[in-house]
Structure formats: C-alpha cells, structure tokens
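What follows is a single chain, given as structure tokens, in the form predicted alone.
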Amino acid sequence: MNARRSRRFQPLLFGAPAMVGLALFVVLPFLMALVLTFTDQQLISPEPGVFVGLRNYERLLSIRALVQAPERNDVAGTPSFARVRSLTRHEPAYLGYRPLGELRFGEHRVTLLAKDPAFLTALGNTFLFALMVVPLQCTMALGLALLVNAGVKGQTIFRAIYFSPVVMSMVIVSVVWAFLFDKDLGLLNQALGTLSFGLVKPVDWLGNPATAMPAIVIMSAWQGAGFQMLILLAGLQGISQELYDAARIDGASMWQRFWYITLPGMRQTIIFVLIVTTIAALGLFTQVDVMTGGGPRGSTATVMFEAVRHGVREENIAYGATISVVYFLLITAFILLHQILLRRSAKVIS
C-alpha cells in the first residue's frame, strides 16, 4: 500500500518544480497585471494608483459607427461629406473618439470611431503578420527538412547554416536586415538594380506602408525557419522507410509518396509546428521596434509594440497591462480555435 501511494505521488513530486516556476513567473505576474488594469497606476510615480473600475477596458475596446448622408455638390453633383472631426467635437456621445476607418454603403459613408484606434490597427497588423508569416515560414521549413532528409552531401553543414539565425540575437538580425532593406545603400536594391540593368528603381522597403510589413515577414520567416526545420526533420525521420520502399515498388510517384505517406505520417508534427509558429508570430515586437519603430504611419505597429509603448515609454503601466491582459485572452481563444480546426482538418485528410 505504501509503495502504491508513493508511486501515485511521484508525478506530482517530479512536476512540482516546474509548476512552482510556472506559478511564480507566469500566473502571479498575470494576476498582478490583472489587478493593475483596474487602476490608473503610473510606472514611476510617488502616488499610489487609484481604482478606476473598467475605464481602461472601456478606452481600449470602445467602438462606434458614425453614419453620414451625402451632401451634394452644386457644381459637379458628386456626393460630399462633412468632416468627421467637426461632428465629433460637438456631439457628447462621440467625445474622445477618433476615426479608425470608413466604409461605403451605397451613397452613405460609415466611419468607424474608436477611443484607441492605434490599438485596433495594431491588432489587425498583428493578425495580418501571422497570416502571412506562418504559411511562408512553415513551407520554407518543410522544404528545407525534405532537402536535408534526402541525404545530400554536406547536410550537417547545411543544417547548421540554416539553424544559425535561430540562435542569433533578434536585435542583431533585425539590424542586419534593416541595412539590407535600406533604400540607398541596401544590398537588396543594388541586386535588383543590377539584375534588371537599372530598370527597377530603388524601393523604400521600410519607409513605404505597402512594403514595410512584407519586408518584416520575409526577414522573420528567414530567421525562424531553421527551428521548424529541425522539428519537421525529426518527424520525417520517424516515418518508416519500409513505407516508401513499398510505394516505390507499387510505382508511386514522388508527389504520391509525399501526399499519401509523408504528410499523414507528419500530421501531429505539422500541427505542433503550426501552433508554435502562430504563437511566436502573435508576439511580434523586436523586429518592429528595431526596423521600423511601428511606422510608417502605424502600418507595422503590433499589439506588443503598443503595450510596451504605453506601459514603459509613456509610463502608463495600468493601460499597458490592460492591453497585455486583453491580448492574452484573445491569443488564448485564437490558439484554441486554431488547434480545434487543425485537428478537424487532420481527421478529414486521414
């Protein structure tokens, strides 16, 4: 009986150090941040924070819609609208709101207003980044893993070369790529100009809202693909070689072997890689902070960048904590949904 009881408590005993560390460095800071969200605490202030209830959440998440009917121009007859600012200044219901974006429904214009449009813009930028970088990075990693697993000569050196960016500091990698993307002296623009014989003009990669985020996506995918490559390579090497030999004997092509053997055999590994890559992508901060500073015109600002800007640089730690708590809950819900959909799609494929 005593031996049976001791074996029952062994998992708890071995897991206790990890659980204590998790409680001290994750759970406790989250609870402290949650308490801060109900105050107006400043980062460096001799005065204690005052309880303000849900004011920080109301500022962060408030959205309104302003519907405007057109005003006809007497000369051209084209619809024109009154300035949004002139309407919000004199309407108490819109006090503190700023334009976020606008939509057209027929001749009516619907302007979305928010008390913190920068946060909502950053939220959209973050999910846009994840939507672009996750497929690109995972596809690159899978291609590299297949190449290394093919048994080409020098695969050890090849593996080390593609994994080396992962162990490098993200700040250093971001600085190097910022120079590569430089409009005047960047190697990328010089290569494009040389290959096109001067037909392609220099592109302001990090100074143009249309190219700044794709540039960060390319850099991030290059930097992180080596880590996913090693995980996928381990999954590839776990597939029995006898399955491939039997498929070759049956006359299966390379594509058929990949579709019917490799993908089903790596299903759980691919799901894990997608989830880990998505979580890392939603935490984007360093690349933006070093390469663009959130610009141009907020096109690369992310939620983590906004949290650090408010909480540290503007010393409004309560509002920065509010952004972090809301974003944590959004990421948790998104990852759970993401995992459910991936598992359902995997069952359909199998």
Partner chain sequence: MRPSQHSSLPLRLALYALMVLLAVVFMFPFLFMLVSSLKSNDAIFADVSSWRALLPVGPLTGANYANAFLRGNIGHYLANSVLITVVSVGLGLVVNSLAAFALARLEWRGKQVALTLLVILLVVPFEAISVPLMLLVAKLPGIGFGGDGVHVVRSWLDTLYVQVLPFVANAFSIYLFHQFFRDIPKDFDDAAYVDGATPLQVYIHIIVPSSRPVFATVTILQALTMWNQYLWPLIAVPGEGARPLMVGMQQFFAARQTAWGEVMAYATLSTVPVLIAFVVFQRWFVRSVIGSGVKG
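Since the structure is predicted, the reported quantities are computational estimates derived from the model, not experimental observations. Numbering follows the first chain given and starts at 1. Superpose the two forms; the largest set of C-alphas matching within 1.5 Å is the rigid core.
Absent from the display: the form predicted in complex with its partner chain. The rest refers to it.
Chemist: Check, residue by residue, if T88, W205 and A333 all come within 4.5 Å of its partner chain in the predicted bound form, counting heavy atoms only.
Modeler: Per the other structure, none of T88, W205 and A333 touch its partner chain.
Chemist: Between the options M32, L61, V67, V50, which residue brings a heavy atom to within 4.5 Å of its partner chain in the predicted bound form?
Modeler: Exactly one listed residue reaches within 4.5 Å, namely M32.
Chemist: Pick from 172-180, 126-134, 102-110, 209-217: which stretch has a heavy atom within 4.5 Å of its partner chain in the predicted bound form?
Modeler: Result of the contact check: 172-180.
Chemist: Mark I161 yes when one of its heavy atoms lies within 4.5 Å of a heavy atom of its partner chain in the predicted bound form, and no otherwise.
Modeler: Yes.
Chemist: With a 4.5 Å heavy atom cut-off, would you call A301 a contact of its partner chain in the predicted bound form?
Modeler: A301: no, not in contact with its partner chain in the predicted bound form.
Chemist: In the predicted bound form, does D40 have a heavy atom within 4.5 Å of its partner chain?
Modeler: Because no heavy atom of D40 falls inside 4.5 Å of its partner chain in the predicted bound form, the answer is no.
Chemist: P296 near its partner chain in the predicted bound form, any heavy atom under 4.5 Å?
Modeler: Result no; P296 lies far from its partner chain in the predicted bound form.
Chemist: Can you name the residues of 310-329 that have a non-hydrogen atom within 4.5 angstroms of its partner chain in the predicted bound form?
Modeler: Contacts from 310-329: G311, V312, R313, I317, G320, A321, S324, Y327, F328.
Chemist: Cα of L144 displaced 2 Å or more between this form and the one not shown, core superposed?
Modeler: Stays below the 2 Å threshold, so no.
Chemist: If you line up the core, does R85 shift 2 angstroms or more at its C-alpha between this form and the one not shown?
Modeler: No, its C-alpha moves less than 2 Å.
Chemist: Quick check: A118 between this form and the one not shown - does its CA shift reach 2 Å or more after fitting the rigid core?
Modeler: The answer is no; the displacement is under 2 Å.
Chemist: Using the form shown as baseline, tell whether I335 and L131 are closer or farther in Cα-Cα distance in the predicted bound form, where the change reaches 3 Å or more.
Modeler: So the answer is farther.
Chemist: Considering a change of 3 Å or more, are the Cα atoms of F334 and L230 closer or farther in the predicted bound form than here?
Modeler: Closer is correct, given that in the predicted bound form the C-alpha spacing of F334 to L230 is reduced by at least 3 Å.
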